[in-house]
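Just one chain is shown here, as structure tokens, and it is the form predicted alone.
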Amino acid sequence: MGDVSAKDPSMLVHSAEPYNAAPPLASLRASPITPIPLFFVRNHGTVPVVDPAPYRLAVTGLVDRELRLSLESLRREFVPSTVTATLQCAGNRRRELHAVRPIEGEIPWDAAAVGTAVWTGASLAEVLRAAGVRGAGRHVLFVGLDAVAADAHGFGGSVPLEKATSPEVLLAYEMNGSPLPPVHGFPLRVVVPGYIGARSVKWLRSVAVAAAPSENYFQAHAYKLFPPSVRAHTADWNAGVTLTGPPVSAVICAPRQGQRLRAGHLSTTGYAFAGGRQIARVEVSADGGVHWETARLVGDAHPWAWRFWEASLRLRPGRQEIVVRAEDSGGAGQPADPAAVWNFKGYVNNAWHRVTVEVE
């Protein structure tokens, strides 16, 4: 299970092997940079044990020069780059969709399968420039060293060449100023800000330039989006939409579901995230969405990171539903009803987030 003993004991463990866990939702608001012990973990297989000395990253495919790069050469030959970026599991907030209609065989994540870190590593664009991308190259494929049952080649995925050569995409060897922990991808992972977490492949074995997207199971099959009318047994997997960036979403971190509160003033807090777009506005309601208050955005805005928000509400006695919604810099908002975004894999739920509290 890697170094899971270093994880905070408050982590909610959904499975021990493979290790999948998320922190208590309220803990996400403690710091805009998520401490490593509280950073969520999504694994599809056993955490590999990698000896850094013989480790080499293979850069192959439609390139002029194939490369085999050690960690030392990545550090020595490429100027380190740093990006503050939020990674979010595609299944974040799946539990709300499961309440609409059961979702079989997927982890019932609440809203804490997300975290923000300061990532440091070599620019993928610079590595690809050193290899020399050939004219037919259109996609960059990643494969990890982990053994997974669904694909004999390991966990993999791909992104378009245009994204791969954007300055924010890194071959990361540090997380929050420390070497990557094994459970987070040691010795090397790709970090693709603005895309679902599945594209930030851990324990990176290889990078390959290709004319077409990856045929790895986790790119070609697993992480695809279907409309609410489609079921697993009727799905045409070739017709599914390949997941890229998450839609705008806002989440209430405090108060928590079912909490008992006193009538009067309440300070409510949370996070909002829109992939590579900025959060333009967050609104909060204390009466189920009838009346809205504009929340205050707090902290610095980073191009690829979440934004914290807070708002002051007045609570009346009785059972009250607190609701939050956001709008991003492109003008996109959120649907009110999770049924509108239900899908049989439970991906990218961005319906209004709701918390019911008991007010005395």
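Everything quoted here is computed from the prediction, not taken from an experiment. We number the residues from 1 along the sequence you see.
Absent from the display: the form predicted together with a small molecule. The rest refers to it.
Asker: Indicate whether the candidate residues 224, 344 and 349 are all in contact with the small molecule in the predicted bound form, with contact defined as any heavy atom within 4.5 Å.
Answerer: No.
Asker: For residue 139, is any heavy atom within 4.5 Å of the small molecule in the predicted bound form, or not?
Answerer: Output for residue 139 is no: heavy atoms all beyond 4.5 Å of the small molecule.
Asker: Taking the small molecule as it sits in the predicted bound form, is residue 87 in contact with it (heavy atom to heavy atom, 4.5 Å or less)?
Answerer: It does: once the small molecule is placed as it appears in the predicted bound form, residue 87 has a heavy atom within 4.5 Å of it.
Asker: So in the predicted bound form, does residue 193 come within 4.5 Å of the small molecule, heavy atom to heavy atom?
Answerer: Outside the cut-off, so no.
Asker: Residue 309 versus the small molecule, in the predicted bound form: is there a non-hydrogen atom within 4.5 Å?
Answerer: Residue-level check for residue 309: no, no contact with the small molecule.
Asker: Exactly one of 146, 96, 151, 283 has a non-hydrogen atom within 4.5 Å of the small molecule in the predicted bound form; which residue is it?
Answerer: Here the answer is residue option 146.
Asker: Quick one: find which of 23 to 31, 43 to 51, 301 to 309, 61 to 69 has residues within 4.5 Å of the small molecule in the predicted bound form by heavy atom distance.
Answerer: After filtering at 4.5 Å, what remains is 43 to 51.
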